[in-house]
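Here we start with a single chain on its own, the form predicted alone, put down as structure tokens.
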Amino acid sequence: MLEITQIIQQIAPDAQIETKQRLTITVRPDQLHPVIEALYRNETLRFDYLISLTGMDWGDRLGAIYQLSASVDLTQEVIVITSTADRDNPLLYSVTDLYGTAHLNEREIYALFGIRFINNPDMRRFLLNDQWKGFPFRKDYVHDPKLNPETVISSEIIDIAPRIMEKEGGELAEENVAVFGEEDYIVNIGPQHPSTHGVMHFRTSLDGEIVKKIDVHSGYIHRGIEKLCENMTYPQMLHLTDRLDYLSANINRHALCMCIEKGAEIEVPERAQYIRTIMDELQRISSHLLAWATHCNDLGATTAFIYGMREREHILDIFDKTCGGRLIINQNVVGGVMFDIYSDFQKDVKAFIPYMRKKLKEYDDFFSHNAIALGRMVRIGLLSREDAISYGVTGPAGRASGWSCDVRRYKPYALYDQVEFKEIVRTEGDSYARYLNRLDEIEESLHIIEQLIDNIPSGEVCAKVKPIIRIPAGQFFQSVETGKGEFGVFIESSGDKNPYRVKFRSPSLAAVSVIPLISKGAFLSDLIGITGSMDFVIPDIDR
């Protein structure tokens, strides 16, 4: 990191640089883009992966935190922070020319904090509509229902995108651009449509049956989970993470628990670590089974959908017997797990392993080589490795494009540094590679469970934790590998019992953001199969 520090000092001599836990660089707004571009283009180690972009209100200043990593080595991270004192017209420079994922993230920050990004080609609000009054994540936001009354009247979508562009000489010019052309034929895919996997809205312009352009609209759920966390104690926050990607509920909550445990310096008992890891892998299998089932159903294979749900029921039965929940299982708590395993847990899990392997062979025999299925997936929805990195597409989808990005491998947590498993990576980058990756990852999860199930030690399942938890002032981050990719938890603490700011890094947002790119030029009928292959869930986006 010494070389990087020297580069930054040349570009921004007055930058504040800290190297305590991770390299953290604080710069002025006018220095932001040059500094991040230098990190992005660094020949020795390119920081070409934007993990997370977090909007902030520090009271006297509005700003953003950029968490960067190197795609070739995810252990290498740099934090860049910038802010502006202008609360009436806060402006920062966009990094959309470097990172594809920055586009929707910057629009989200604009909707929630009112910060506009110079040179972002489309500065419409994301997650909120243009009629919303105020910026709800600001600390001075007025929570008056009269400002934004509920209505059942549909508002017309206006296809005009405002933007602020920097001209030659540094002059800023505000302008409006049309999202679609006047002659474009536009159809609405969603928001109420089973094949959009939730209330997702793709406004799609067509040339005959060919997709020309997709405009992504989200925010129909309006839950504001990140904002709700600011008024909750740390243990109270746990229930909210289960409602993000509810198919990886246990893993999401694991991430939040570890982030809190890291800040509060709480040591988790070994028995709890075993239970957490096994339950996470069962959850991963459950997630992949539903992803496989719904993807096949999107392609017209109803039988495959029924089969996938059939196998998933066995896992849900184990969850039910362990803690009384099937979808939202409420297992992880700060310091360990809430419930110890039941007497036949190991027996049931060990019986499930050969059963699932038999079913994987069955899936391969009856669907994976079906001529119609191959025609709908092979060379369809191509995503290059470079674009996967640019858009932050992780998980089975990112690894299907040749990007080794498994958090369990690069940043091991729980017991992942004590088990052997193979990271499934393919290079084709199409829907079929994503399809195969999930099935292969089920086998690897079974292999991980096999190594742990007979070795669960005795002992406590939860550390003794104070009812009121306080985290020292500072910033903390923890990521995990969910069924859909890297899920991250960012907490900024002021030392109080409530967090100052919470941000959840959504793998589904990255998956959705790349849909317009990989669907362009595809048949409309293939759009549904492409979205199914990306395996996103909408509540993970509408945070």
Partner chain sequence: MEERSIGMEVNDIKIKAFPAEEFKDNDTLQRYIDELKEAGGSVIVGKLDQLIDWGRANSLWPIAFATSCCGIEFMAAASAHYDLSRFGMEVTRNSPRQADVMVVAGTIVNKMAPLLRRVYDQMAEPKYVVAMGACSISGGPFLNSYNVVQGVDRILPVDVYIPGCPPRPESLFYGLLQLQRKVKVERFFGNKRIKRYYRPETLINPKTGETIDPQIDFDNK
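Numbering follows the first chain given and starts at 1. Quantities reported herein were computed from a predicted structural model and do not represent experimental measurements.
Just so it is clear, the following notes concern the form predicted in complex with its partner chain, a form of the same protein that is not shown.
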item	value
Close approach of residue 204 to its partner chain in the predicted complex, 4.5 Å, heavy atom	no
Residue 122: touches its partner chain in the predicted complex, heavy atom cutoff 4.5 angstroms	no
Residue 294, heavy atom within 4.5 angstroms of its partner chain in the predicted complex	yes
Any non-hydrogen atom of residue 162 within 4.5 angstroms of its partner chain in the predicted complex	no
Position in contact with its partner chain when the complex is considered in the predicted complex, options 177, 225, 463, 382, heavy atoms within 4.5 Å	225
Contacting member of 305, 93, 345, 113, with respect to its partner chain in the predicted complex [4.5 Å, heavy atom]	305
4.5 Å heavy atom contact with its partner chain in the predicted complex for all of 74, 274 and 354	no
Listed range touching its partner chain, judged in the predicted complex by heavy atoms within 4.5 Å, from 238-246, 76-84, 447-455, 337-345	238-246
Heavy atom contacts to its partner chain in the predicted complex at 4.5 Å, residues of 113-133 in sequence order	127, 128, 129, 132
